[in-house]
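Read the single chain below, which is given as structure tokens and is the form predicted on its own.
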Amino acid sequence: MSEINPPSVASDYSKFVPFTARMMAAMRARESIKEDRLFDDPFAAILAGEEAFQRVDLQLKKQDQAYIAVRTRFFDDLLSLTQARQVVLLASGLDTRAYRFPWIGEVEIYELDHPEVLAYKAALLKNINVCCKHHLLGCDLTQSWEEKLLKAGYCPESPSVWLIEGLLMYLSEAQVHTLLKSVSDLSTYDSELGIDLISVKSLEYEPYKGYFRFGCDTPEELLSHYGWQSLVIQPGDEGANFGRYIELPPPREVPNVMRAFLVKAKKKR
């Protein structure tokens, strides 16, 4: 069972859910009905709501939608292959992996996000059985959250897998470094980390200009500073296109380019 007290009416909290989270759910729902779908998210449509589908059609390019499909599949693969028994989803939003994955064994999943977001999701999915021990922890990730995770049962001495998806670009540089330090301090060796990042030039990308705050051209260096060894690829590269994002990105050595990065990392000894 998911450990949270959901509201009786999910719509009471819908106004507190960032609309971008609902748009992400809409794009996952669209991908899920394709014959050659990259994943199946049977809960995305109800979480998105009709308005989110309309906004996706009006505002987002096909390449943006392809990116979300590729990113979702990329991190699905990371989580489905992990041997860690602790999974931490930071800024989980309307992520449904706790519900849609056939988790095997004693897996503990910790989702951290604003309480209203988690309550909205929990209310709509309250009748769904999960194959894990599911902890929904309401908090602000720009404030202190570590103690709440520890009190919920997270063990820093055991390997874990962390996912930070669709978050870092919205934080300040100082907030990014604070968050990565906390994740590193709570991770033993052989723990895993999945993150997505954008390049500095991508801070100018419409329609997100003004919302994006952090870009990085060297994810390997950023994570190495906190003890992680990284594999960094771009959508379109081998291993990150899946027949959806087939436009090849410019080589990494070409400067001043709008890029997205998909990262898998392991904590070094």
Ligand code: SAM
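So that there is no doubt, residue numbering starts at 1 and follows the sequence shown. Note that the structure is predicted; figures quoted are calculated from it, not measured.
A second form of this protein, the form predicted in complex with the ligand, is not displayed here; the remarks below concern that form.
Among the residues 125, 91, 198, 87, the one placing a heavy atom within 4.5 Å of the ligand in the model of the complex is 91. Using a 4.5 angstroms heavy atom cutoff to the ligand in the model of the complex, all of 113, 117 and 165 count as contacting. The ligand is not drawn, but in the model of the complex it has a heavy atom within 4.5 Å of residue 24. In the model of the complex, the ligand lies within 4.5 Å of some heavy atom of residue 170. For the chain shown alone, residue 249 is not a contact residue for the ligand in the model of the complex, no non-hydrogen atom being within 4.5 angstroms.
Heavy atoms of residue 140 reach within 4.5 Å of the ligand in the model of the complex, making it an interface residue.
Only one listed stretch (152-160, 79-87, 185-193, 132-140) carries heavy atoms within 4.5 Å of the ligand in the model of the complex, and that stretch is 132-140.
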